[in-house]
Ligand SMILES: Nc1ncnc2c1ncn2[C@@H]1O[C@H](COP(=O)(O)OP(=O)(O)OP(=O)(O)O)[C@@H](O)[C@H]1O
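Only one chain comes next, encoded as structure tokens, the form predicted on its own.
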Amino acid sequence: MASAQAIYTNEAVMTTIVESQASSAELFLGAVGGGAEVVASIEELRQHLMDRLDESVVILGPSVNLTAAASLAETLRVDRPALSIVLVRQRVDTSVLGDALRSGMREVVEQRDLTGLSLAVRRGHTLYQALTASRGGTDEAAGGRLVTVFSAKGGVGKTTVSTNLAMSLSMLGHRVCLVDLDLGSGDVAISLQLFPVSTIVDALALVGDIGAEELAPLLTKYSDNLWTLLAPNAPELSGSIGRHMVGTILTALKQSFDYVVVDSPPAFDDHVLQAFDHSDLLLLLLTLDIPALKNLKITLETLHLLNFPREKYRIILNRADSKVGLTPGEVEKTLKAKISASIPSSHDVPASVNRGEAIVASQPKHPVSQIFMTIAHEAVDAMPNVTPRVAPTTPAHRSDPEGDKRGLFRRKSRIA
């Protein structure tokens, strides 16, 4: 490399490396392989990207200032959402990771980990292809939409809302997949009385690119329109699924289903952040108690730091009629945000869980069921249109005889 200003070209350019040190740039080029260019600065990169509308990955080398890198990532996350930013640092610590995640960078790799860099670029290319596959295509080719149900506090009813929302969408005629992303203690299987042959951790055994066809054997069917991808039976397996695997799985499911509903754990971990990145709508769950209110306020502040669009999340109040000295109006005043839907308390809800049913299916005229259907309709309206693949149905029932078994529990339910 004669100069730090030199640019390496290839006929099929998809990756740009920003690095002013010649020796480092050479190493990165070797790791990335063909189809890469090198520029020396962020200023050159900005001009370069104006002429490269199909660029899929940008690597920001160690010579790039972290503040400037974060500013660039924040801009590109909005202007070029399909473009993956990979940050390379001499040393990766929690401070670097935090800055990177908040700004919208997809991956952080240590300088010496050239294999990790190569894999990160490959994942970036795969994600770009998945996100841009709909150009000029039909609605079906564009893929489905993803809704994540989240609360940073446990015990607020996320699984109840997730299962009933997924069931409601399936009853509207959509093909739906419900994903239990609470890998340590997920309760979707126990709530729907499912006994999976495979779970999400079995994706680790898949070889090569993971798409809808590869994931199909891991899904557990509940009804004609509703499928599930369940958490592992053994909590100790939860750490084996990396955040990149979660992103790959969610991308593949969106290409196969009209709607993907994610039941998330009560934590801002890597899995949750991946779900946020793939979400078209985020439902933030709240109950009328101070700990839940405090956690939701922190959640809203975190979403702001992550540049998550305000129009893409809604606040849902569960057990809204609880008499605990805190009113919905006081909650809205504290949060400076409106509550989109309120779900009342009812003993029929946990009773439906004990039967392994979603109340929206077993008692469709129940007041709680009507609210769940309203939430489903409003969720559909809030996202880009998806045409139902079949006609709306009457309350869904299991379609396979094995699914009718009742009474066995993996673990005690945590759902109130």
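Being a predicted model, the structure only gives us computed values, none of them experimental. Numbering starts at 1 and runs along the sequence shown.
Keep in mind that the form predicted in complex with the ligand is not shown, yet the notes after this line are about it.
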Worksheet, complete the sentence: the ligand in the predicted bound form has a heavy atom of only one listed residue within 4.5 Å, and of Pro196, Gly144, Gly157, Gly247 that residue is Gly157
Response to the item:
the ligand in the predicted bound form has a heavy atom of only one listed residue within 4.5 Å, and of Pro344, Gly184, Pro81, Gly211 that residue is Pro344
Practice prompt. Sort through 253-261, 117-125, 96-104, 159-167 and report the only stretch with a non-hydrogen atom within 4.5 Å of the ligand in the predicted bound form.
Written response: 159-167
Worksheet item: Using heavy atoms and a 4.5 Å limit, would one call Arg319 a contact residue for the ligand in the predicted bound form?
Response: yes
Worksheet item: Wondering, does Pro350 line up within 4.5 Å of the ligand in the predicted bound form on heavy atoms?
Response: yes
Fill in: Interface membership of Pro266, the ligand in the predicted bound form, 4.5 Å heavy atom rule
yes
